[in-house]
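Given as structure tokens, the chain that follows is alone and in the form predicted on its own.
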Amino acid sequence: MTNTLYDALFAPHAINTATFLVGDDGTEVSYASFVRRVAQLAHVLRDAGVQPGDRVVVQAPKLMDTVALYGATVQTGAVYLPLNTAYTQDEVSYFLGDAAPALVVCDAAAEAEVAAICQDSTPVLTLAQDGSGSLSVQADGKPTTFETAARGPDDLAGLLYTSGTTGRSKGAMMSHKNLLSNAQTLTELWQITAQDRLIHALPIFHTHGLFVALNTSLLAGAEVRFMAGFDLDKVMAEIPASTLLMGVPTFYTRLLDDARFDRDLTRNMRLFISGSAPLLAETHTAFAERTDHHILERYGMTETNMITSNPYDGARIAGTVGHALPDTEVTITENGKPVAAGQIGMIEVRGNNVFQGYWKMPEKTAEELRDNGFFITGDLGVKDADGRISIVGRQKDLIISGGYNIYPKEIEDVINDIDGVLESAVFGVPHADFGETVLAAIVLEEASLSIESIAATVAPQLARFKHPRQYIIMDALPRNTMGKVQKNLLREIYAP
């Protein structure tokens, strides 16, 4: 029997003695022992009643057994549904009600809360840092082989909920083909091999840390330094012995803030990759000047996995997310029709990486997934004559003031270029006369920089209707766990 994703990512490693995961405590797990652990967990899932097509909800710590649980879910033919560990009880209750899982796996410390939500209708197992979680304990005595469930390319392998900043969170249905095709493309494009060692400091409840970082490592047979989270000193200590780092922009700004981070430290590194949030051009430039490494920025979404990437060989231009992946089509449209190069429009994408639709939301699926297979991303972008794509912002972040379209990123770029400004977020709030008006939240590097001087610098560079009507100095911009600025919160806080 064939199982598209398991056969490609896990089965080939059954006798691979090379190291797969290295933990914070020095624990090393070989690929072969990992595959055996996956089988043990698969037995626990099957004993709990999990069948092919069932959803397995996971809100658990970042542990080696959590990664093995992902593999076990795939091997049993079930659908892996990771949840952000920061979600509240009310949020978890919504996801459980919507997904109707056959099993919930949670942090042992949250077992009582999760069990109360489930009300005995769904089994609950636990994972714990010390290995005492019920899932791990039950797995310890199980056989180390498991009869893999048959699943084809179009069967679901993952269900990932969007962040839900507007309306209900939507469950993006990811097939075996969606996940495998993207992993294959990225592994080849970024030239990931068994000789690589990846520093993994990302969460694993998100596309970036789970499907990009781990699926490509599994496909290539690379070693993974598996960290509980981003710890500056630990990352710095691992860089000389590693070749890859996949991170969010915050990783790179924090590294640049440390004087120890230099060319000598990074001489063994092959590739630094950034995603999940926009990378400031000044960060890209500063990083290159410090290390001679040009960060490779790429672009993706929950519903599509990765869509574009700057090249491995060739110019990685600051402020752009590169070209469409080799097996992915990207078009820029206005009212559904392609626009000319250099014009701003909606980013639409088609390819094997594009999801199957939204869980139990056929109307929403029909709104965002065209009959011709193109997915309407909601992101605004521009494609140059060479096909290189730059992100302008989210459609929902577009500000319409007095009938004029205002793209926040254009204003942010001007503000961020001012000496003494660390970063900014431009957003719109309701205005009685103009419909919306422009506000700018700013984080300063130099406390002496005044709002008046910022406004004076911005004024001659932008048309008057684009000028922020208010500048707000903040200690830090509100961000989600993947480093994306939460402009919806800024709009709520500063709404009149």
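Take the two forms, superpose them, and find the largest set of C-alpha atoms that agree within 1.5 Å; that set is the rigid core. Start at 1 and count along the sequence shown; that's the residue number. Since this is a predicted model, take the numbers as computed values, not measurements.
Heads up, the form predicted in complex with adenosine monophosphate isn't pictured, but that's what we're talking about next.
Enquirer: Arg260, Lys396, Arg267, Lys337: which sits within 4.5 Å of adenosine monophosphate in the predicted complex by any heavy atom?
Expert: Contact check passes for Lys396.
Enquirer: Note which of Ala277, Leu271, Ala281, Leu189 lies within 4.5 Å of adenosine monophosphate in the predicted complex, where distance is taken over heavy atoms; exactly one does.
Expert: Contact with adenosine monophosphate in the predicted complex is made by Ala277 alone.
Enquirer: Any idea which of 409-417, 177-185, 300-308, 134-142 reaches within 4.5 Å of adenosine monophosphate in the predicted complex, heavy atoms considered?
Expert: One stretch meets the cut-off, namely 300-308.
Enquirer: Residue-level contact is defined here as any heavy atom of the residue lying within 4.5 Å of adenosine monophosphate in the predicted complex; does Ala110 satisfy this criterion?
Expert: Residue-level check for Ala110: no, no contact with adenosine monophosphate.
Enquirer: Does the 4.5 Å heavy atom contact test between Val321 and adenosine monophosphate in the predicted complex come out positive?
Expert: Although adenosine monophosphate is absent here, Val321 would touch it in the predicted complex, with heavy atoms inside 4.5 Å.
Enquirer: Does adenosine monophosphate get within 4.5 angstroms of any non-hydrogen atom of Thr253 in the predicted complex?
Expert: Thr253 lies outside the contact set for adenosine monophosphate.
Enquirer: Give a yes or no for Asn405: in the predicted complex, does one of its heavy atoms lie within 4.5 Å of a heavy atom belonging to adenosine monophosphate?
Expert: Yes.
Enquirer: With the partner left out here, which residues of 59-84 have a non-hydrogen atom within 4.5 Å of adenosine monophosphate in the predicted complex?
Expert: Contacts from 59-84: none.
Enquirer: Taking the rigid core as the superposition reference, indicate whether the CA of Leu369 shifts 2 angstroms or more between this form and the one not shown.
Expert: Leu369 C-alpha, core-superposed: shift of less than 2 Å.
Enquirer: Kindly check if the Cα atom of Glu436 is displaced 2 angstroms or more between this form and the one not shown relative to the superposed rigid core.
Expert: Comparing the forms between this form and the one not shown, which are aligned on their rigid core, Glu436 does shift its C-alpha by 2 Å or more.
Enquirer: So the CA-CA distance for Asp379 and Glu436 moves by at least 3 angstroms in the predicted complex. Closer or farther than here?
Expert: Here the pair is farther apart than in the predicted complex; there, closer.
Enquirer: What happens to the Cα distance from Thr302 to Ile400 in the predicted complex: does it get closer or farther than here, with a change of 3 angstroms or more?
Expert: It is closer: in the predicted complex, the C-alpha atoms of Thr302 and Ile400 lie at least 3 Å nearer than they do here.
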